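This document opens with one chain alone, in structure tokens, the form predicted on its own.
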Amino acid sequence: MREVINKYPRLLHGGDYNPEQWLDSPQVLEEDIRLMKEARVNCVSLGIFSWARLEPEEGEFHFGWIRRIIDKLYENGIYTILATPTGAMPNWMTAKYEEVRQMSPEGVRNLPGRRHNFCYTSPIMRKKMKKINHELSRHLGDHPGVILWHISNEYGGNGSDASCHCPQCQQAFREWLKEKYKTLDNLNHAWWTAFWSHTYTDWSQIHSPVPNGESRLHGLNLDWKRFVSHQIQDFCMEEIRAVLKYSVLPVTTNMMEYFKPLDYFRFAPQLSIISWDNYPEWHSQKDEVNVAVRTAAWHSMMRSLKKAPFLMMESTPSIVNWKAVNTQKRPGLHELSSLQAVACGSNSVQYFQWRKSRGSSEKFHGAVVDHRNGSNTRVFREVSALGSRMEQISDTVYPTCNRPKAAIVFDWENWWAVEDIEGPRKDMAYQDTILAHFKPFWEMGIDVDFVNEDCDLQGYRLVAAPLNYLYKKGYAKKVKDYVEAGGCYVATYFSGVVDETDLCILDRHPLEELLGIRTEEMDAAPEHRVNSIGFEGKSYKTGCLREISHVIPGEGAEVLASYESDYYAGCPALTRKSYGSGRAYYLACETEEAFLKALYAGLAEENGIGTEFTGRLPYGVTVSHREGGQDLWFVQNFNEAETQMELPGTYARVEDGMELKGSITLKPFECLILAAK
């Protein structure tokens, strides 16, 4: 496994540190060092929102204060992840240069303030960004205590869809389209502009989709989303080039959970390591299972982007402050939720924030150090206990990573397209569909990678592609080659409907030869029109979306499940066809959870992707597998109660070597880290 953070190859424990808020209180900064050592903190992120301190007036740079803090941290064994400060602009800049501020879809220029309010296209913004990043790199890029560049903060997090609609962005969009389509004839065809007589006759007529203008051309909408993601990715690349002018450190940027505006698969190649900010809604449901599934899926996405360990750059040790109800983590859940990240491939547990802000919007956001009581709080004690445990497991866990044999296709461009359509249902719920197919693997203790349509499928024994509505050029051939070489592929309803310009594919399904079925129509049924499918002697409820398809005679497709009522009773709901050395399945409808659990249990056994724990895990308990120097199993109990389980073999607890076998009792919210013996 390639080493990325060479200066400190250990599990990281720490978080966002904002000393710029406390420069007039040196006693606070002294206390921070003492408390960090007590909490076993070995790394902090600095400078994320420090632009106004680093450059208080245009061209006037002050780096002494931050160098002194980095020096002090390093002297005490605490390393620094150094951020570029573009997440929030100083007032001198937004007041002097109007163009650096974003413009809304309605054409209104934003006022100064908030975060992520800058235009990614603005030449002035890019110039100012390069200058501050060059200076940071020149002054601090070779500091022995600095181990990683943290590029900006949560790109696109402007509280909307990440976009800017200013005149400069409009012109950049047109240039981007010219490069892609070359001619207006090509663009008009791709967007099907003859519909409603909206044909473009000059590039200057093209405008971003807005509420008071064009917003019903799906090709326009899709290309605008691609452009926004591209423009922010390009800005990120410019930031990276700027900090690397005087530095050779690795780079990352902190991504967000299920963040639709940015295609993270396209960001990944320009980053040395992936990182993200993790804020699940624990305690928001009757138990923690669905939240744990959702969180595990995105941890897995972060690992999948580079098929390598990642960093959990932010999390809260207690509460957040922006949800409708902000519930404290119950005792034990902080350690479990943190180790869940490590179980899925993270090499860090980092927090926002180290010390609570005294004022402004995040003064009640959770932190390691509260406004009062110093280290004498439940949260601080739990963070310290986790820090000690991270130290104990670091040597064993750090060289390992998850290596799944199964993958689920999650493609941002498909996400943008399928949730922009008008019909067959208003909410196509792509994210929920992905999670419905991920959950059976989580329950079986089987790790899963996520891939997009551009990724290589070879090497996976099973690939599932739920609701894969848009097929990019070459994707169908890639799938055929994968199955022919021995892979197992699961396609579902409403897949292969459009090409990459969101034009409907005519004649037949792109994988008709592979699947052996011919799709005819899609039914979106209201709740009172109940239907079910018969599978392996049992009846399972269908969901709203039900595709009617037919087996092509003589093509070798077997019907494994059929609809049980309505005018399509007897039509296939699940088929299987052998193709080359592999097999392809087609699921024609949404189903209840129990069906997907049964389906994937059978496919796991058929394709040999189960683990020694598969079939043995009680409700609310899952297992993640990191391999490398040793085979490590993270047994995670998301039940708020003791849970009995049977171990399938003999294991050693990583922290102390204690032998465990047979029946064990997991404590509420416990995570065991076991090495195979």
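From 1 onward, residues are counted along the sequence shown. No experiment lies behind these values; they were computed from the predicted model shown.
The form predicted in complex with another copy of the chain exists for this protein as well; it is not shown, and the discussion that follows is about that form.
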Would you mind picking the one in F535, Y200, Y279, W176 that has a heavy atom within 4.5 Å of another copy of the chain in the model of the complex?
Y200
Which residue, N373, N76, Q270, Q458, has a heavy atom that falls within 4.5 Å of another copy of the chain in the model of the complex?
N373
I'd like to know if S578 sits close to another copy of the chain in the model of the complex, meaning any non-hydrogen atom pair within 4.5 angstroms.
no
Answer yes if any heavy atom of W412 is within 4.5 Å of a heavy atom of another copy of the chain in the model of the complex; otherwise answer no.
no
Proximity of V248 to another copy of the chain in the model of the complex, heavy atoms at 4.5 Å:
no
Flag E521 as yes or no: does it have a non-hydrogen atom within 4.5 angstroms of any non-hydrogen atom of another copy of the chain in the model of the complex?
yes
Can you pick the stretch from 580-588, 228-236, 391-399, 113-121 whose heavy atoms fall within 4.5 Å of another copy of the chain in the model of the complex?
113-121
From first to last in sequence, which residues of 490-523 have any non-hydrogen atom within 4.5 angstroms of another copy of the chain in the model of the complex?
F494, G496, V497, V498, D499, D502, L503, C504, I505, L506, D507, R508, H509, P510, R518, T519, E520, E521, M522, D523
